[in-house]
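Take a look at this single chain in structure tokens; it is the form predicted on its own.
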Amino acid sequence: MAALPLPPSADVVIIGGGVMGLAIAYNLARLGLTRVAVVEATYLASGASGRNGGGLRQQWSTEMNVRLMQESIAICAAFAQEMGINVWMRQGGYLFLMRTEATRAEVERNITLQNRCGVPTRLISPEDARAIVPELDVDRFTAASYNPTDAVVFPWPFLWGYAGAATKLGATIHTDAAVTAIDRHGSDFVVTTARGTITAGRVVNAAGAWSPRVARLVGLELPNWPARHEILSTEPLKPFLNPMVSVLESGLYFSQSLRGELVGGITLHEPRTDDIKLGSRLAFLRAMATAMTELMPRLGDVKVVRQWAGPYDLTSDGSPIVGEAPGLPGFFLCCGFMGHGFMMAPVVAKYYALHLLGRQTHPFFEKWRLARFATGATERESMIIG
């Protein structure tokens, strides 16, 4: 984005220029609140939003997430036409493979919920999974779940679409504007950045894995923490893979883009830390290559073009943190989205904007409030991938 001067004041300052912050800015401006400023520490797509696999799925273990993602996929399907930018959306489905009977039993319960919500997920045999993706070696698996209406998009134009639409409606976006202080002046906040200060009555912390650091600027400790998640992309191959394929127990996932590359990652557990690590490792490449070739032996000779890492933003129950921070009127949280903030941003941002404008409060503001960690009122989401 062009280096616009920071305005002296705004109605809302959004900290974080990822998809969540940009989508909230767009939705606020679309609803008529145009004095909105997004401040980003570095550049757009520098964090998790620009480093993910672009998956959109409705296969979840909680009704809240299933219904939100039904709506989010509908928003994504109309995004290219409404925003005038191609996000390369491909609705090829998600195919989850299961090794153990315990995982199968859990997924069966999830499928019952998804079907009740109108999502056409079905439990299928390993042989049925191979009929969908003939290249799979399914001998190690007990079952699979398949929903043909899940999808994949290309992340970068999704961010650019929101950014461009928000600025056309009057919101401003300021890159290289790391926040260094947040002070209270009466009922307002004075947000100090690397490019100057801005005063606003409301501040939204949408900084993802950096959100605990931002919260500490107002004396608030958040229970979310960052975790490195690595990903790679191969050389382009002739199109052969329709669904996103994932192994639930290992966290392996990969899909094929419309350009032919295979893009995916796998879980590598690390000790919990507050450090945000973005370096990618040989250990990841080894684990990913082993897992992919065991699942699909024909990939043994495929070349890896690049690998990278992005920060997951984790919580103990697998759900985000949203709403006004207790004891800090005007300071709002929108963080802790694990690895699924990208896919939920279109729908979460829609309802977040309505909430900020006092027009509608979605039930997720109660379910995902910060206070749940102190009261124990949590509902665990188990379908966390990668």
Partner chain sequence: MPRKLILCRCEDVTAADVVHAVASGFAELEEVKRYTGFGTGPCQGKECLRAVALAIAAASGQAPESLLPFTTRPPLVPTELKWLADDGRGPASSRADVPGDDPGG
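Residue numbers count along the first chain shown, from 1. Not measured: the values here are computed from a predicted model.
What comes next is about the form predicted together with its partner chain, which is not displayed.
Give a yes or no on whether every one of 70, 78 and 332 sits within 4.5 angstroms of its partner chain in the predicted bound form by heavy atom. No, none of the three is in contact.
Considering 344, 45, 66, 353, which brings a non-hydrogen atom within 4.5 Å of its partner chain in the predicted bound form? The residue in contact is 45.
From the list 131, 282, 74, 105, which entry has a heavy atom within 4.5 Å of its partner chain in the predicted bound form? So the residue touching its partner chain in the predicted bound form, by this definition, is 282.
Work out which of the listed stretches, 121-129, 94-102, 214-222, 294-302, brings a heavy atom within 4.5 angstroms of its partner chain in the predicted bound form. Checking each option against the 4.5 Å cut-off leaves 294-302.
Residue-level question: is residue 240 within 4.5 Å of its partner chain in the predicted bound form, judged on heavy atoms? Contact with its partner chain, no.
Although the partner isn't part of this model, could you tell me whether residue 289 comes within 4.5 Å of its partner chain in the predicted bound form, counting any heavy atom of the residue? Yes, contact at 4.5 Å.
Determine whether any heavy atom of residue 278 comes within 4.5 Å of a heavy atom of its partner chain in the predicted bound form, and answer yes or no. So residue 278 counts as contacting its partner chain.
Residue-level contact is defined here as any heavy atom of the residue lying within 4.5 Å of its partner chain in the predicted bound form; does residue 236 satisfy this criterion? Output for residue 236 is yes: heavy atoms within 4.5 Å of its partner chain.
Of 164-186, which residues get within 4.5 Å of its partner chain in the predicted bound form if you count heavy atoms? Contacting residues: 175, 176.
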